[in-house]
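Just one chain is shown here, as structure tokens, and it is the form predicted alone.
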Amino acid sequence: MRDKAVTREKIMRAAETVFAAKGYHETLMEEIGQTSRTSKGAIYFHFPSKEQLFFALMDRLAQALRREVERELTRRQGALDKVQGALEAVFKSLGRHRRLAKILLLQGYGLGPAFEAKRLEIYQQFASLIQQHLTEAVREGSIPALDAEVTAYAWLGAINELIVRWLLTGAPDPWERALPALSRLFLRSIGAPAPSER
């Protein structure tokens, strides 16, 4: 059983490397086999199609992001501070998992409805997390009443655009420019003071 898990992990790591370098459409399963030093049969045993392997990588990024966000949330006090912590954790995690971020945010376009459904599923997870803490911040009286669902998706859209630009161009620097600017923008958008103003 352990051998199967090791083989699956080797395939996933190789797929991450090849997809990030060549893109989804240009990647061949044989190349993933060569990079992982596994047989084509082993790849198809674990992943019946290239699409399923790609989606497994998307799930891996989402799980890594979620773990890091949840770890950060346990260190924060108050709903507003948790929202700020989640934002920081997403940026830091995407920076550490740049290849996976590239796969999730750039490589899947053109895969059609299946990719869009998977991407929407992942976005919904993070929107729901933001929405939960915004709702709690309203309950606490930290911010005025707002539509937490719309706000969460608007924030995700802004994060997505900045991360995509960074993946394509290397700018703006996520930590030095993007994160502080987004934090101020987001907090003001919900009627909350920026950290330096509290």
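Keep in mind it's a predicted model, so treat the numbers as computed, not measured. Heads up: residue numbers just count along the shown sequence, starting at 1.
From this point on, the text means the form predicted in complex with a further copy of the same chain, which you will not see here.
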Taking heavy atoms only, is residue 153 within 4.5 angstroms of a further copy of the same chain in the predicted complex?
-> yes
Give a yes/no on whether residue 56 approaches a further copy of the same chain to within 4.5 Å in the predicted complex, heavy atoms considered.
-> no
4.5 Å heavy atom contact, residue 107 to a further copy of the same chain in the predicted complex | yes
Contact of residue 157 with a further copy of the same chain in the predicted complex (heavy atom, 4.5 Å) = yes
Should the three residues 40, 42 and 64 be counted as contacting a further copy of the same chain in the predicted complex, with contact defined as a heavy atom within 4.5 Å for each?
-> no
Counting only heavy atoms, which residues in 169-186 are within 4.5 Å of a further copy of the same chain in the predicted complex?
-> 169, 177, 178, 181, 182, 184, 185
Report the direction of the Cα distance change between residue 175 and residue 168 in the predicted complex, compared with the displayed form, as closer or farther; the change is 3 Å or more.
-> closer
A change of 3 Å or more separates this form from the other: in the predicted complex, the C-alpha atoms of residue 175 and residue 166 are closer
